[in-house]
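First, one chain by itself in structure tokens, the form predicted on its own.
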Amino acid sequence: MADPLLLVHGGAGDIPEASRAAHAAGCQEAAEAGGAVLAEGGSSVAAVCAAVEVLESNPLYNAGTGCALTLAGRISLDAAIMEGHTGQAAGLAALDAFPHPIRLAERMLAESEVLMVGQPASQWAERMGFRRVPENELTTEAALKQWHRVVEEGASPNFAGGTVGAVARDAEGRLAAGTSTGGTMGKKPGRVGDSPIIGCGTYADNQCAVSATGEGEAFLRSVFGARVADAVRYGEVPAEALQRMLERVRDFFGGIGGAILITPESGPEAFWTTVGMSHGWWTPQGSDCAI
């Protein structure tokens, strides 16, 4: 038997001082939701999905409600999940407005495909019983204001309330990772970042589970998640592997961000190359959060 553990992140970036307590508290709430699943003997996948669903419901973050908008002012969502002990994985990209994309990814674990995109992915989700909602149900006033600043005024697309994710270890020692995002504010329609790409923003095997957040193109080019997991597999200390790979993404591929990591024995581990990264964790002894 292993000690259950759940760790979440609410995105790396420069979160305004006035919002930091709320961002951290939102992560703790999500960690406790996932932790409740683990406390009842649930699987790591179920715990990850429960935690990410809470973050998708929170308009502070860039996933589900309150997500970033495309250059055309539309919603385009990405999500993925991976189960470490089986290697099963599912990613969906450029989805229409679904409140909880992580649940679509969870359902897709039963399919033979690993990645589905665009309208066919949204149509498949509807056939599976998921509800596509009007875009205004997920669009907040804060997201619209940020869209105007980025697209019309040329502000930085760094969205203060970023990609969300979770990693978990259940009582059987099984690992899982999941990530959900609205992408970069003002992104080109059709653009897909690292979050739904297995081995980049989301990855889990029997040695390591990773969820990343940041400048997606750099994380894609670096194949971030799989490289972190390989470093851990071949003996590097998990915290050192996470830091080294994030610094590699920054120094060699020109992108900043952060990530969370657990292994069958260690964790929680978190590191970022941005100003901060909201994150929270749950253990049987209690929960906490930081930024």
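Start at 1 and count along the sequence shown; that's the residue number. Keep in mind that this is a model prediction, so the values were computed, not measured.
The following text describes the form predicted in complex with a small molecule, which does not appear among the structures shown.
The closest non-hydrogen atom of R191 lies within 4.5 Å of the small molecule in the predicted complex. When the small molecule is considered in the predicted complex, T181 lines it closely, a heavy atom lying within 4.5 Å.
The closest heavy atom approach of S211 to the small molecule in the predicted complex falls outside 4.5 Å. Remark: G216 counts among the residues lining the small molecule in the predicted complex, judged by a heavy atom distance of 4.5 Å or less. Contact with the small molecule, judged by heavy atoms within 4.5 Å in the predicted complex, is confined among 85-93, 107-115, 191-199, 143-151 to 191-199.
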